[in-house]
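Next up: just one chain, as C-alpha cells, the form predicted on its own.
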C-alpha cells in the first residue's frame, strides 16, 4: 500500500472516526488540515478537486481518493477479518451498523454541529427526537448484547462497526444529551477507550 494521505479537520467527528481507526490499526497517514465551513463541507475549488461533493474525511490510498467516513472505514477494514468479518452473517451485521452510523444516527451528528456552530433552536426539536431515538436503538442493542455475554456491537471483539458508531455516541453531550440515561453506552464507551492505540478528541468523555 502506498503512503496514505488524510484530508482532515480536528473537530469533525467523521474525521475523528478515521483518525481513531488508523491509530487502532497502527497505520500512519500524512494529515492535510482542511478548514471547513460550519456545515462540515468545504467549498474551495482546490478541495473540490479532491472531493467533488466537498465531503470530509478524504483518504487517498493507492492513488484513489475515498470520500466520506463510512466509505473510508470500510476501505481500511477490507482484508482485515478481525475488523470486518468474512462470514456472510457477521459481515452483514457489521455493514448494517456502519450504515446506521451514517443514516439514522447522523441526526445526532447534525445536532452536535448545530449546537457547536449555529446554536440549537426550536427548529431542531424534530431532529433531536430522531437523534435520541437513534441513540436508544444503539443503547438497547448493546444492553441485549451484554445480557447475552457480548461486549461489542457484533461478535466477540471490536469491529469497524464499533468505530463507526463510537464518536457520535461519545460526543452526544456536546448537544446536551447526557450519558447517564444510557448505561450500556457508558460501559461500551469505556471498553472502546481501553483499546490499544485509542486516541481521543475534544469532547470525548473519560469515565475513569
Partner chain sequence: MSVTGEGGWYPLMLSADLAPDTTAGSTMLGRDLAVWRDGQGQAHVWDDRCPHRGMRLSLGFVREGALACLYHGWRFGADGRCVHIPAHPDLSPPGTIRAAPLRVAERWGLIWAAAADEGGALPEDDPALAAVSWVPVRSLRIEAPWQGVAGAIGLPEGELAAVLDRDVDGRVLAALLPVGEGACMLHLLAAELAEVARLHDLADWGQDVRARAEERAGQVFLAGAVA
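Please read these numbers as outputs of a predicted model, since none were measured by experiment. Numbering follows the first chain given and starts at 1.
Omitted from view is the form predicted together with its partner chain, to which the following refers.
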For this session: Considering its partner chain in the model of the complex, find the one stretch among 163 to 171, 56 to 64, 144 to 152, 22 to 30 with heavy atoms no farther than 4.5 Å from it.
Result: 144 to 152
Exercise. Using 4.5 Å between non-hydrogen atoms, is residue 94 touching its partner chain in the model of the complex?
Worked result: no
For this session: Find out whether any non-hydrogen atom of residue 157 is located within 4.5 angstroms of its partner chain in the model of the complex, and reply yes or no.
Result: no
Exercise. Should residue 134 be counted as a contact of its partner chain in the model of the complex, where contact means heavy atoms within 4.5 Å?
Worked result: yes
For this session: Spell out, yes or no, whether the shortest heavy atom distance between residue 129 and its partner chain in the model of the complex is within 4.5 Å.
Result: yes
Exercise. What are the residues of 166 to 191, in order along the chain, with a heavy atom within 4.5 Å of its partner chain in the model of the complex?
Worked result: 173, 177, 178, 180, 181, 182, 183, 186, 187, 190
